[in-house]
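Presented as structure tokens, the chain that follows is alone, the form predicted alone.
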Amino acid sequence: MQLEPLKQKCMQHLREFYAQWRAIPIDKLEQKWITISLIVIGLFVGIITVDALFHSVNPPGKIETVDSASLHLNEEFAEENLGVQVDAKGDITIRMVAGRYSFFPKHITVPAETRLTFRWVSMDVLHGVHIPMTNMSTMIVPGYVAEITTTFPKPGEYPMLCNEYCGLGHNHMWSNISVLAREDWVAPARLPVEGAANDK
């Protein structure tokens, strides 16, 4: 395929477009604002491109889906598998379900100064989760698994709040996390969930 005729055709279209653009009467002040707008857009696109190519800042690649309508049949998020679990490697995973108007389980106990992986799913509508004094703040979108890894710096009682309006009972949607000193915490006597992503 010869590129020269295609290149000439494109250049011809660009020249025609430029001639038509120049024929439109535009005030000088409007031209300045159009120019500024295009520069700002170009700057933002440039920043996004540089971050994607050189700083590896990209959208999440690990997107897990789940059927919100049949969570009770899901092996990982079945009722008996919710809460705190420790796998064979000693990693701690907390699985929770958000639904109007509560987080399930309502109360969990975890160790301080320990790496914890939280995995949430929604059984109905869009929810959010926020735990004050931590980096925990995320949306729980129906049909997707939300995952955050964090550490609680010190023992205490931490409220878990819904920060996305989910209906009339939204302001009553909360849960509680008791954080104990690492030496005082006792791992729950449950087998890890088979087939879960974190237990491979």
Partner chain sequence: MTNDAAERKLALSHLWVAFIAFILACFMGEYQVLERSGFISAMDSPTVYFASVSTHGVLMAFVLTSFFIMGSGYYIAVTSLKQAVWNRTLAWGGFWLAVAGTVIAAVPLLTGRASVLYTFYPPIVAHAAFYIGATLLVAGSWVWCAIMLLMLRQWKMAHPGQVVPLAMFATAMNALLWLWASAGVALEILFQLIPLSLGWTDTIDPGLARTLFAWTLHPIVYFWLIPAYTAFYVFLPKQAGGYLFSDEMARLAFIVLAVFALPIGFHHLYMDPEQASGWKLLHGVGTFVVALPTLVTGFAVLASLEIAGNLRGGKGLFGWIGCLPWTNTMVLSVILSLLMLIFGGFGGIVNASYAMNAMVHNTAWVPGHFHLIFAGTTVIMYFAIAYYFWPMLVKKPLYSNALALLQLWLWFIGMSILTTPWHVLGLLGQPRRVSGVVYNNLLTLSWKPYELMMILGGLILLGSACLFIYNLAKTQLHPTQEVFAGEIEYAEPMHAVASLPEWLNDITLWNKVIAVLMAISFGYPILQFFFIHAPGASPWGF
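Positions refer to the first chain, counted from 1. Think of the rigid core as the biggest set of C-alphas that the two forms share within 1.5 Å after superposition. None of the values given here were measured: they were computed from a predicted structure.
The form predicted in complex with the partner chain exists for this protein as well; it is not shown, and the discussion that follows is about that form.
In the model of the complex, the partner chain sits beyond 4.5 Å of every heavy atom of residue 186. Under a 4.5 angstroms non-hydrogen atom cutoff, the partner chain in the model of the complex has residue 176 among its neighbouring residues.
Within this chain, residue 65 lines the site of the partner chain in the model of the complex, having a heavy atom no more than 4.5 Å away. Interface residue remark: residue 150 is not counted as part of the site for the partner chain in the model of the complex, having no heavy atom within 4.5 Å. With the partner left out here, the partner chain still marks one of 106-114, 72-80, 119-127, 87-95 in the model of the complex; by a 4.5 Å heavy atom cut-off that stretch is 119-127. Residues 139, 141, 142, 143, 144, 145, 146, 159, 161, 162, 163, 164, 165, 166, 167 of 139-167 are found to place at least one heavy atom within 4.5 Å of the partner chain in the model of the complex. A movement of the C-alpha atom of residue 20 reaching 2 angstroms or beyond is seen between this form and the one not shown when the two forms are aligned on their rigid core. Once both forms are overlaid on the rigid core, the distance between the two CA positions of residue 35 between this form and the one not shown is 2 angstroms or more.
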